[in-house]
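We begin with a single chain expressed as structure tokens, specifically the form predicted alone.
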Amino acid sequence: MSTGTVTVTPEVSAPPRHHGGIRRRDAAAGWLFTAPVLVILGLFLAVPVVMALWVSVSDWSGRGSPFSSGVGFVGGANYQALVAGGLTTSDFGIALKNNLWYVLLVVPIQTALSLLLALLVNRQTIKGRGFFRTAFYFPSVTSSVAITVLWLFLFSTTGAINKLIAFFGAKGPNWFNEPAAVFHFGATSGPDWMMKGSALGMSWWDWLGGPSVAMCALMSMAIFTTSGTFMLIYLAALQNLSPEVFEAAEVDGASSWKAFWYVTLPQLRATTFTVVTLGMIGCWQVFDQIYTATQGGPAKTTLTPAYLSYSASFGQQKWGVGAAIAFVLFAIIIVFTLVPRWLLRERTPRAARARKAVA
């Protein structure tokens, strides 16, 4: 019996890899490529925001630099002026009331209309779908000033809208000069508890009166010009839905309505959140239509926080108050964008939550 010789080859260790150096080089390259954008955002976004924030807590008069030695710090005085009473508080309350009704009515209608248009132009049986998509989207790319001027003609006392109303035997209002609230239904006063209670210089009767006739005309313009944009967002989401799910629903005997309600709509939750959020931001920032058409009139019934901030700053030279309104408006937008996020969140079924709690 012979004994074999076993040769053991020593393991050669691989050279160490310097992951840290690679990561540092990648990070440096990333910062280098993004530096131009960061510089632009810093100059044209971050710096103006910081300056506006300082103006909102200072007594800057609008002349010279806000950071000059002659500008003093006043703390929250400009913010206090919005709620302390007087004309500024009253105007701020009116603007909030007008814009709140604007949001509550425009956002649901434009969301539902944009989804309806997307469903229509997504159907394979419709001929000329490209034409209809372009036609529905065209108002969104048209100048807002041009659309506003068109609306002034359409809603004038002798315009097409009033002629259409006259065709049915009724008399149309003087749209952009009618300050009456639509939910007051012609009444000039309400119950005592609504007339005595108030907030921000306005009675509860005024708060619950709804938008004015003039604001309704502006709201219709907003719906007309924004539904096309949101239609494209919904259309892109509809075209990405899996057809197998709808085929399975059809095999199970689901009707068209049930397939839409239980199959299509749940899959559009994220898209709906995007549309509602963008709609709320746009509605709270409405300015150019107000500036072009009414400038807050008649009787301040189309006054909005964005236009009030502009008029307080450039009209009344109250730069601190104007900046304070802008930051309050920013806070309102943040709060209102969290609402659809909470309402449209993915809810865990109760049984799944119970199993998770037991586990």
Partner chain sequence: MRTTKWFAAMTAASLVLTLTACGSGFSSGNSSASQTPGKPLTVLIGSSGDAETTAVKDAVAAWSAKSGVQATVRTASNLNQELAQGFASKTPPDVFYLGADSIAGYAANGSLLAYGDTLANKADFYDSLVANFTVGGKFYCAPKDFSTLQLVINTDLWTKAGLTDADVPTTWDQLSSVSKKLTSGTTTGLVMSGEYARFGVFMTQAGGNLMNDTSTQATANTDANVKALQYVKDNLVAGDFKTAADVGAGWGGEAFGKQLGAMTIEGNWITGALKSDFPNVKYKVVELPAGPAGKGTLQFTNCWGIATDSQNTEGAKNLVAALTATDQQIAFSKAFGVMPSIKSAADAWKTANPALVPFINGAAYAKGVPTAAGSAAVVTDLNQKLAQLKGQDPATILAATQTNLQALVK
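Predicted model, so just to flag it, every value in this text is computed and none were measured. Residue numbers count along the first chain shown, from 1.
The following text describes the form predicted together with the partner chain, which does not appear among the structures shown.
In the model of the complex, at least one heavy atom of M51 sits within 4.5 Å of the partner chain. By the criterion of a heavy atom within 4.5 Å, S203 is excluded from the residues contacting the partner chain in the model of the complex. Although the partner is absent here, A331 lies well away from the partner chain in the model of the complex, with no heavy atom inside 4.5 Å. In the model of the complex, the partner chain stays beyond 4.5 Å of every heavy atom belonging to T264. The candidate spot formed by S65, Y291 and K300 lies fully in contact with the partner chain in the model of the complex, as each residue has a heavy atom within 4.5 Å of it. Taking the partner chain as it sits in the model of the complex, the stretch 168-196 comes within 4.5 angstroms of it through a non-hydrogen atom at N174, P179.
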